[in-house]
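One chain comes next, on its own, written out as C-alpha cells in the form predicted alone.
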Amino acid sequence: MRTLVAKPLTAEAFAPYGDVIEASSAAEMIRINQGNTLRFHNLMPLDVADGGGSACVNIFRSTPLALPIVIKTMEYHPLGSQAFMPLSGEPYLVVVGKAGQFDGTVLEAFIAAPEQGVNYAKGTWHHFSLALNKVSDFLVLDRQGDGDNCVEHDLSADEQVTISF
C-alpha cells in the first residue's frame, strides 16, 4: 500500500482543488461596524447554482478515523462546490485528487490548521471530513436542490493509501 505524506495546507498548494478559506493578508479587507471589525471579504466563490441549486448551511460533526488512516473512499460533487470551516479549534486532514476520471496515483494530503477552511471546487475528488484529534464540528456551505450531487468511489486495494504525518 502506498503512503501519502500530509503536508501543511497553503493556498498555493491547494489551488488545483479549490480555495483555502482563511483570514490572510491576501484577502480584501474592509473595516466595518464603526471600525471595530475587520471583514475579510469574499474569500471564495460559492458555486452551487447548477441545475437550479441554492446554498445551504450545515454543521457536520466528524469522528476521527482509527490510526493509521487508510483512504478507502473518495467523492466529488458535480453540481456545486462544497466549503468546510472548522469550528472546534482542531487541525484536520484534507485528502484531494484532481477533477475528472478518478486517478488514485495523484492524491494529495494536507494538514489544515484550526483557522483554515477549504472550498472544494466543483468536481474535485476529496475524502469526507477527517477530524484528527477528537470529534470536531465543521460549518459546511453546500448545494441543495434537484440532481445527484455526490458521486462516491470505493478505492480498490491497489488504489488505497495510508496517510503519514
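Residue indices: 1-based, along the sequence shown. Bear in mind the structure is a predicted one, so any value in this text is a computation, not a measurement.
This protein has a second form, the form predicted in complex with another copy of the chain, left out of what is shown; the following refers to that one.
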query	finding
Close approach of L155 to another copy of the chain in the predicted complex, 4.5 Å, heavy atom	no
Close approach of I21 to another copy of the chain in the predicted complex, 4.5 Å, heavy atom	yes
Distance check, M85 to another copy of the chain in the predicted complex, heavy atom within 4.5 Å	yes
Close approach of D137 to another copy of the chain in the predicted complex, 4.5 Å, heavy atom	yes
All of N42, S62 and E75 within 4.5 Å of another copy of the chain in the predicted complex, heavy atom check	yes
Members of 22-36 lying within 4.5 angstroms of another copy of the chain, judged by heavy atom, in the predicted complex	E22, A23, I32, N33, Q34, N36
